[in-house]
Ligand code: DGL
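The data below hold one chain only, encoded as C-alpha cells and taken in the form predicted alone.
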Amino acid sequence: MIWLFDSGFWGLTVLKEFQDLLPQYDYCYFGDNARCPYGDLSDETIRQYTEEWVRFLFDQGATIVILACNTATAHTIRYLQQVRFPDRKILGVTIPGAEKVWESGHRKVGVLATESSVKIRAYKERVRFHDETILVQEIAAKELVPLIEQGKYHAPETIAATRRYIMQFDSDIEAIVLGCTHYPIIRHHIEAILPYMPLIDPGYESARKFKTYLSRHPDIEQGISRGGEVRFFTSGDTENFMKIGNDILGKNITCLTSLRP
C-alpha cells in the first residue's frame, strides 16, 4: 500500500495523479483537516505536525509515505529523511516539480505558492541545486487557499484573485509551477489568463517520478499491495471530507474514520 499524507483535502489532487499512472496499487490517504491549512503556520509548527503524522502512519504499518503537500514537503522533507526517519522511505512533491523545471530547459519560471513556501524559497533553492543560472520568481498567493477551502472554485473573487497573482509574474517567464496542491483545481483559470503558458504540476511529476523510482527499486515495488483499493482517513469531519473529496476526485468516496494526533 502507498500512503499519502497531506495537510487537508488537496493532496487528493496528487492521489488522483498517482491512481491515473499507477492504478494497480493500493493506497491510503490521510488528511490533517482539523489543522489545515499549513501554509500560514510557522516552520516549527509545520515540522511538528508533519512529523507527528508521519510517525503515526509508520506506526500503522506504512512502508513508504508520500508527502502530498508542497508546504509540508518544503519545510520537513530533509529533516524527516535525514534526522527523524533515516531508515524509512519518505518522498515529497517539491523535488519532482523543481526537477521538471530543469529537465524542460526553462531559463526563467514563476512559482505560485503559499507564503511559507515562498518564505523559505522552497522551489528557488531546489531548482538552483540543479542549475544556478535558472531564474525563479516565487509569488505568495495568500488569498487562494482560503477561497479554495471554502469551495469557491468558480467564484468571481477566486478568478479575480488568480488573475491578480498571475499578473504579478514578469512577462518573460517561460512556465508556471503550481506550487501548492490546491492550485490544480483552478488551473483552468490560469490557462484562461495565460493560454499559452506551460504549467508544471508537481503532483503529476511526483507520480511520474515515483513510477520510475519503483522500476529502479523492484524490492520496494514488490512489497506494495495490489488491487486498486483506496482508504481515506482525516483528523477532521468525515462527512465534509467525503463531500469535498467527491468533488476533487470526481467519484464517491468513503472516509473510514476521523483520527486525532
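What you are looking at is a predicted structure, and each value in this text was computed from that prediction instead of being measured. Position 1 is the first residue in the sequence shown; the rest follow in order.
Keep in mind that the form predicted in complex with this ligand is missing from the display, and what follows is about it.
Colleague: Using heavy atoms and a 4.5 Å limit, would one call T162 a contact residue for this ligand in the predicted bound form?
Modeller: T162: no, not in contact with this ligand in the predicted bound form.
Colleague: Can any non-hydrogen atom of T76 be found within 4.5 angstroms of this ligand in the predicted bound form?
Modeller: So T76 does not count as contacting this ligand.
Colleague: May I ask you to state whether Y204 is within 4.5 Å of this ligand in the predicted bound form, using heavy atom distances?
Modeller: Y204: no, not in contact with this ligand in the predicted bound form.
Colleague: Indicate whether I200 is a 4.5 Å heavy atom neighbour of this ligand in the predicted bound form.
Modeller: It does not: once this ligand is placed as it appears in the predicted bound form, I200 has no heavy atom within 4.5 Å of it.
Colleague: Sort through 228-236, 188-196, 204-212, 62-70 and report the only stretch with a non-hydrogen atom within 4.5 Å of this ligand in the predicted bound form.
Modeller: Among the listed stretches, the partner-contacting one is 62-70.
Colleague: May I ask you to list the residues of 1-37 that have any heavy atom within 4.5 angstroms of this ligand in the predicted bound form, in sequence order?
Modeller: Residues within 4.5 Å: D6, S7, C36, P37.
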